[in-house]
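Take a look at this one chain, the form predicted alone, written out in structure tokens.
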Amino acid sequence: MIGRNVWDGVVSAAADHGVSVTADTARPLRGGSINAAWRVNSNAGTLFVKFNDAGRHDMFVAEAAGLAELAQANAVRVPDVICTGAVAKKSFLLLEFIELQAGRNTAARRLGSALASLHACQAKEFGWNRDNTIGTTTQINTPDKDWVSFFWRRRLAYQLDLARSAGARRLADLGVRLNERMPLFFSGVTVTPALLHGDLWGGNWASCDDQPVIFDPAVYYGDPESDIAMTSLFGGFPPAFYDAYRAQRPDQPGGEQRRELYRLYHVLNHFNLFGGGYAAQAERMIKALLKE
């Protein structure tokens, strides 16, 4: 339950941004596994509020910055950010509320085209100007001009170190062997830093009036194929999405092997978040990659 003093903090923070929130209209929503979610009325329309512990405030600040980065690209719709804040042992992120429906083929096709446009937004280095989170795991975005170095050090090695600390020594030792083979996966391929959603699984997109909407990002600049890799985990996307995306950004040689490498990052993260069978899945993936 969210106490009245917390809602008073939300009302005050929103007022500082010219929005009048009517806290008495707040209603809880179902479906979130990390944050508590509510909807509330305001003079700017219905708003969406996510709550977590006060120690998660930086996570919300980074998410708000990521949504702003995606919005600035003007490629695909994201929720407008009102503000973030922390009060009475709670942190919050106040966003535009969008009536979402499950994405159908029309929206999926439009998302494929929109994502290709998003990936056309480029930077000079891989990474981003701040760290953020993937789930609740810290995602290190310290910039690097070399993609192979960045992906190994900031993504795989970081997750493998967490796995080792959690007792998965065999998994971590096996994973380290990948470092020697990493350049082979990128032989003959040039990777340019592209703006990524960063956590684009099936639960982080939907549609509104057949227009795609993406949310809950883990933004950074990296290989566009890492976004595509994530879409095939945890349910996948409709064929229309891939057809539209590939019409603008055709697959490069060795793409499937690299996408498996990128999926490994997310499977490792799921082990570090949830444990269980993800360690065995990651081991199988690494062994298969080492045979490539």
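We number the residues from 1 along the sequence you see. Here the structure is a predicted model, which means the values were calculated and not measured.
From this point on, the text means the form predicted together with a small molecule, which you will not see here.
Under a 4.5 Å heavy atom criterion, is Ile98 part of the interface with the small molecule in the predicted complex?
Taking the distances in the predicted complex, the answer for Ile98 is yes, it comes within 4.5 Å of the small molecule.
Evaluate Ala247 for contact with the small molecule in the predicted complex, applying a 4.5 angstroms cut-off between non-hydrogen atoms, and reply yes or no.
Ala247: no contact with the small molecule in the predicted complex.
Does Ala68 reach the small molecule in the predicted complex if we count a contact as any heavy atom within 4.5 Å?
Although the small molecule is absent here, Ala68 would stay clear of it in the predicted complex, with no heavy atoms inside 4.5 Å.
With the partner left out of view, is Phe237 within 4.5 angstroms of the small molecule in the predicted complex by any non-hydrogen atom?
Although the small molecule is absent here, Phe237 would stay clear of it in the predicted complex, with no heavy atoms inside 4.5 Å.
Give a yes or no on whether each residue among Asn35, Phe48 and Asn204 has a heavy atom within 4.5 Å of the small molecule in the predicted complex.
Yes, each of Asn35, Phe48 and Asn204 comes within 4.5 Å of the small molecule in the predicted complex.
Heavy atom within 4.5 Å of the small molecule in the predicted complex: which of Pro79, Pro212, Gly112, Pro193 fits that? Just give me the one.
When the small molecule is considered in the predicted complex, the option within 4.5 Å is Pro79.
Could you tell me which stretch in 138-146, 196-204, 177-185, 154-162 has residues with non-hydrogen atoms within 4.5 Å of the small molecule in the predicted complex?
It is 196-204 that comes within 4.5 Å of the partner.
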